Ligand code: NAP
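Shown next as structure tokens: one chain only, the form predicted on its own.
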């Protein structure tokens, strides 16, 4: 039996005999979509389909294939709480390992027969009773509930740099890595120094090549060392699963009591993280290079990079840091504002994702003809506890705006989200409503509390980061992850319009 978590995740009991069992449509077969499918099956609901635009499960871990790809959350914490994995080979699991874990989950829980591969939703309309969903292929389906498990790291953002299309060499985004390109002996340009860029630098710098890193803004790097798990240790975990569960609990408590608290409030946790980041930076021996790598903002204001290898990689002779701004891209390379041309054979864009798009460009339309784009127009993306939108009944987002994406494990808080959705579906099964959508006043009160709690967090300390939404409010959870999970322990039906 799994060791209990604090606060525990609600169990998913089967629906009682005679209860209504709705049809549920799920968009995306990544981590959250698979979890939703598992919990539906546990509740005895088999009438559901998962629509996946690609030909395999895995989400972001299927899409990304760049060198050095790894999770920045410890592997034994980056699992479903009920499904520990003794096969992790490293403290920070590599992308292919996580993809294999997702494949294993899909097979073990008999989810593949529910997954429709190669289908991407193009339009979804609520007719007052059911969601009518049309795929890009023309296929149509409908269900009482619609769940978006699309995530927020699937729309690559390409920089608006003059001449980018004229580059004569190989050019690609890090999320669309061209596996046919041999980097050995090449002159490589890398634009972007976030988490992805740091992982690419750490890996590619070991190859016999020339790596030019074009930096707009330096990043703080937390020195969390990686290590490989030997075979004997993995075998021990197979024999004694309680060890992996204990590791899960340790990281769960560590993230909640240390890293999350460092982000949301002043205190010893924040001072400790700042000191460790500075210590890590001081490992750069060249004073000029260290100065160029020194941020002018507080650690954690931007998403912090977890790496032991980045600074040593930046000090290798084959790596050159370019801090002059990019003026334009030419056929032969990048010309910076100082007039210098940097000749390149390969150009990699590690420029992140359009994180505020969520399920779009899919358009939702409610029974009154209001679209999601209109509802999110001037205000930007917003949702009641990140998962439900006023005016859009029986629709849920798994990991929408203001979830704890910056200060916790995405799997951990998604389990809380899915547990909440399943309880709503359970109330539907009992006949307590046919449709539910959050009340506007309840959603407004939720956002008032977010604004109040945001004061004192590191995200409003004075930097530009990708968390900031259209309304100027960071789209993150400004309190500890455990408080998010606790808030989702039970649905407050009085906060919803029920019909």
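Residue numbers count along the first chain shown, from 1. Just so we're clear, the structure is a prediction, and the values are computed from it rather than from any experiment.
As for the form predicted together with this ligand, it is not shown, yet the points below apply to it.
J.: For the interface check, one of 454-462, 24-32, 65-73, 39-47 should have non-hydrogen atoms within 4.5 Å of this ligand in the predicted complex; which one?
T.: Looking at the partner contacts, the answer comes out as 65-73.
J.: Note which of 99, 81, 193, 202 lies within 4.5 Å of this ligand in the predicted complex, where distance is taken over heavy atoms; exactly one does.
T.: By the 4.5 Å heavy-atom cutoff, the listed residue in contact is 193.
J.: Scan 390, 400, 352, 333 and let me know which has any heavy atom within 4.5 Å of this ligand in the predicted complex.
T.: Only one listed residue qualifies here, and that residue is 352.
J.: Does the 4.5 Å heavy atom contact test between residue 216 and this ligand in the predicted complex come out positive?
T.: So residue 216 counts as contacting this ligand.
J.: Does residue 245 reach this ligand in the predicted complex if we count a contact as any heavy atom within 4.5 Å?
T.: Because no heavy atom of residue 245 falls inside 4.5 Å of this ligand in the predicted complex, the answer is no.
J.: Evaluate residue 249 for contact with this ligand in the predicted complex, applying a 4.5 angstroms cut-off between non-hydrogen atoms, and reply yes or no.
T.: Although this ligand is absent here, residue 249 would stay clear of it in the predicted complex, with no heavy atoms inside 4.5 Å.
J.: Given that this ligand is not shown alongside this chain, does residue 161 nevertheless sit within 4.5 Å of it in the predicted complex, heavy atom to heavy atom?
T.: Yes.
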